[in-house]
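Below you will find one chain, with nothing else, as structure tokens; this is the form predicted alone, and questions on how it binds or moves follow later.
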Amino acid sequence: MGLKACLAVLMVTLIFLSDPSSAATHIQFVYLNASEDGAGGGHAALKMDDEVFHFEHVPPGLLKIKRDDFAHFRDQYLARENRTMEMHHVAVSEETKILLREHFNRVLLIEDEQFDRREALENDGRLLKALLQLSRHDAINHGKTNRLELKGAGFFLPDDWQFNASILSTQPEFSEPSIDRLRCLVIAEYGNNFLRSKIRETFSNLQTLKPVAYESFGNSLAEDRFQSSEYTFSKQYSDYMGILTALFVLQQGLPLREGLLVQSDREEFSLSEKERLIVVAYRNWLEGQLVRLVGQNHPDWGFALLLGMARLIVLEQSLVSGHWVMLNLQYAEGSKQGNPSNLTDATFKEYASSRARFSEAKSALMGAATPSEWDYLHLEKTTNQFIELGNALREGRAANLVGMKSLPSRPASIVLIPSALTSDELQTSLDRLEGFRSGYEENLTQLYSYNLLGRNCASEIFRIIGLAMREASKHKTSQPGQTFTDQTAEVESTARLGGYISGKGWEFIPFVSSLRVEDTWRIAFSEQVLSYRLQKLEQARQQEASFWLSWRESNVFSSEVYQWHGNDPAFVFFTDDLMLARPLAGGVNLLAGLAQGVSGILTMALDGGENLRLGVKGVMISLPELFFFNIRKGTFPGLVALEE
């Protein structure tokens, strides 16, 4: 152990011994090396337990905080983007970790609220324009702009489905028994005319719904203050449309669309007698929940009813088949099958882990005193993962697990119901909205505009830490009128982290910030986690001769780890594990980029300039290689890994 490390350990020991109430723990400053997607200086993040806080670009030219679980963060940057990660483990007290986590989470919640409002205003604008087109009878000239993407509708209805009152009098060729049973329970609870009356009421509410008064929203934003959320026009319209769609499915007894189930007749998925009883109990509990749901007055339960009805059908399918049947989460996200050439040894380990998780999820559902939505959701996810990994192994391809960590939400585009408002009324509302949006966007830009030298992924981490340190200082003093400055933050940060980094100097460059953290904060230890490709090379070197392996994996033509795909610019040599030969290899890569650019000029009419764009990008990221600096790594966008 070096002198610096010894001193660091001694300092940590003295600090925590001096305050017995402080329990030693760690936070991690994370640095990811340069990549070709606009991160030439790398990327910085702060990890606390399984949460990672970092900042990402949001069009057009804004910077927003993001929170990821570490497994997702690692898979995105180390696997798919193929970047090496360095982590500095900083010794802090538990109280300091809580302070930082609470402050970063507060910033996240405030920014989420402000950016969500921005998205809601954009949705309002799209909806008002579409309704205006419908009122003028010119929507046919605007493609499919008069459609609403509705969560859950795709369980039962195809895209471009259109509601009209006449279809209520028609009966489908097949009525789903599970939905028929639920409808009978609803009628018994609320009366024979309930469904038709509720559908007519919801249809009327949709037609007469008026846009909100945007001036009442308030346009003053602050980075440290929450605002009350509004029930926007598009959200109200979507909620009513969701209820209308769900009630129609219930009234008609529609079946699930094809391809939405995942199941296996293997022994591991067969239902025991006890499991059958649990499925029946959960089905009965879910029916009761859905009956109560349709009697609610608040207009946001359409998706819950659609998902609940889909699960009733799935539960009945499980009882009929004698095996566990679930909604297909992969299909619900529109996923594609993995590339056969990407099958890795990790798939075998993931398959074994998924089997264990599936068994644990079944045990949790079986052992619950009462039916639990959470336990069923967990079983739904683990069943999908287990079946997909098993299929991938049998078919010799990589597993595609996209969408298998989220709630099934199969959307479908539903044709809008025209508004009863006149064209003039809709146009007036649209003009008001555009004026409000313009001011709101200007305020967002003032608060969150990206600036390479003053506000980027590294500087923002240090700025928020400084704010947290000032906040901590305020709680320690009772002196009225005291001013809390950078000097205040420096004193507090030195006590809590071992040093202070303002983020206003050269540390705005992520790799410089990593060096500053290493030299300034109280580092317990540091570690490097290699990128996906370099990890595979390290594993292969244990079994193959180093010279032949290095030659084979040095270029895209003979590599067995990397297969070129259309998202990466054309190149020949990998240079992230080269140093002396980097300029020579970079020169060849530069020629490859130029060649792709020239061919892109010739193919512009066919691909809209995509090949030219990639060629220009390839030239730009090859130039630094001539000066011994690496940006390009080669990416693996098809890689999807399970959390450990």
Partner chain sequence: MTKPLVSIVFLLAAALLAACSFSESSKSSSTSSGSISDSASSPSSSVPTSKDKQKSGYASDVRDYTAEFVKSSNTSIESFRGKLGKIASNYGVTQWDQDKSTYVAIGKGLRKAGLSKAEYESFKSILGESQAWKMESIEEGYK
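None of the values given here were measured: they were computed from a predicted structure. Positions refer to the first chain, counted from 1.
What comes next is about the form predicted together with its partner chain, which is not displayed.
This chain is displayed alone, yet in the model of the complex one of 222, 184, 453, 352 has a heavy atom within 4.5 Å of its partner chain; that residue is 453.
Think of it this way: in the model of the complex, its partner chain has a heavy atom of just one of 397, 101, 283, 88 within 4.5 Å, and the residue is 101. Although the partner is absent from the chain shown here, none of 27, 467 and 519 has a heavy atom within 4.5 Å of its partner chain in the model of the complex. Contact with its partner chain in the model of the complex, defined as any heavy atom within 4.5 Å, is confined among 440 to 448, 536 to 544, 184 to 192, 74 to 82 to 74 to 82. Although the partner is absent from this view, residue 488 stays clear of its partner chain in the model of the complex, with no non-hydrogen atom inside 4.5 angstroms. Its partner chain is not shown here, but in the model of the complex it comes within 4.5 Å of a heavy atom of residue 506. Remark: residue 254 does not count among the residues lining its partner chain in the model of the complex, judged by a heavy atom distance of 4.5 Å or less. Of the heavy atoms in residue 567, none are within 4.5 Å of its partner chain in the model of the complex. Applying a 4.5 Å heavy atom cutoff to its partner chain in the model of the complex picks out 624 as the lone residue from 594 to 625.
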